[in-house]
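In the block that follows, a single chain appears as structure tokens, in the form predicted on its own.
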């Protein structure tokens, strides 16, 4: 697969010369899966200028026109699900069922959510004697990560289009191929030239986009460290910045929950996508008297998970996305051992029989203290920490004792009891008793997990400026 050209102003163009390329490595084989071109500041400027030229015309379109275009994008996207799924599988090693199913199909859900949200979204309202107008923020820079690539493109591109903004997308250089199919979808759907632009690149490309004076807003998803860098680059031009960053999500199991069921489900949720999800429930909090029982269930569940070739339909967990990620996870597993946590499953090294590829063992630590490195640092791999608590208030205190605040999970036989705990958690999202994500509900976090919200009407809101017109006629 190739990602060697950029989509700018409604056409595929060659990068500015001289061109720097990077190999994209298939993490299951450690072999080259293709190349990606790295956009220079000149390439970024060309894309931004194309978006700026289109912003006034597109910003004046009606809600009905935007809905029609989003429907056309959705139809084109559905036709490319097989290619998008294959691109994700090759670039990040997601098992085929996950890549073609949850990963690729997530784009459909976000496009539908934007279309549905426009049905009732109020761009023009009256408060007292003033008319409140919600207008597109303008040219938006979108930087997306490698762990859920199609999902993150969809939940930025769809609401930006719905809001009437133009955009320049820079996907991760680790997973660049699915973004090229996105550009094909936009072209086929008839998105006007300049409304959507795609440049490929690395952190230097992202910096050029973030600091460009003609970009009105940056929307970034990735690590907290990189989010801080985007904010710094954007600060000189005082542009709006929306950030969806890391997490260290607690999973509080109350004493009236079905222990066998919720521990097994919590392990599977933590290791889904090889643990490479910002909202993964990586800290399992259990009553201290239940530590040994919970640990035994977690170890048994982890040991039953099949790790291996993404093309094998029986595989639950593929490789980590890259050598860099593999080495980070290995370092932190060893740190957990060195700091005295009880290793009950997995551990350092690759699983038996997997000598090639960035495969890690599904690893579970019990008797973890919340001040340990593995309980505080986002590992972004298949590592679960089980932490004991003495009371419900102690569990809430431990859950909130983190620099992050993206997601939290509460398990209880009493929904009202779980809700009472949820109200006290410093997190942007709380899942009670296995409740799934909702594409019409806001996605985002507190503290170092980010700024702003994505998905559905909340995602559209991020791409709008608010204007008050006092004395406007009724």
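Numbering follows the first chain given and starts at 1. Keep in mind the model is a prediction, meaning the values are calculated, not measured.
The same protein also has a form predicted in complex with ligand NAD, omitted here; what follows describes it.
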{"query": "Interface stretch in the predicted complex with ligand NAD - options 141 to 149, 307 to 315, 345 to 353, 292 to 300, non-hydrogen atom within 4.5 Å", "finding": "141 to 149"}
{"query": "In the predicted complex, the residue from 247, 107, 250, 362 that sits within 4.5 Å of ligand NAD by heavy atoms", "finding": "247"}
{"query": "One residue of 184, 135, 377, 202 in contact with ligand NAD, assessed in the predicted complex (non-hydrogen atom, 4.5 angstroms)", "finding": "202"}
{"query": "Close approach of residue 261 to ligand NAD in the predicted complex, 4.5 Å, heavy atom", "finding": "no"}
{"query": "Contact label in the predicted complex: residue 189 to ligand NAD, heavy atom within 4.5 Å", "finding": "no"}
{"query": "Non-hydrogen atom contact residue 335 with ligand NAD in the predicted complex at 4.5 angstroms", "finding": "no"}
{"query": "Contact of residue 225 with ligand NAD in the predicted complex (heavy atom, 4.5 Å)", "finding": "yes"}
{"query": "Check all three, 221, 230 and 278, heavy atom within 4.5 Å of ligand NAD in the predicted complex", "finding": "yes"}
{"query": "Stretch 162 to 178 - residues with a heavy atom within 4.5 Å of ligand NAD in the predicted complex", "finding": "170, 171, 172, 173"}
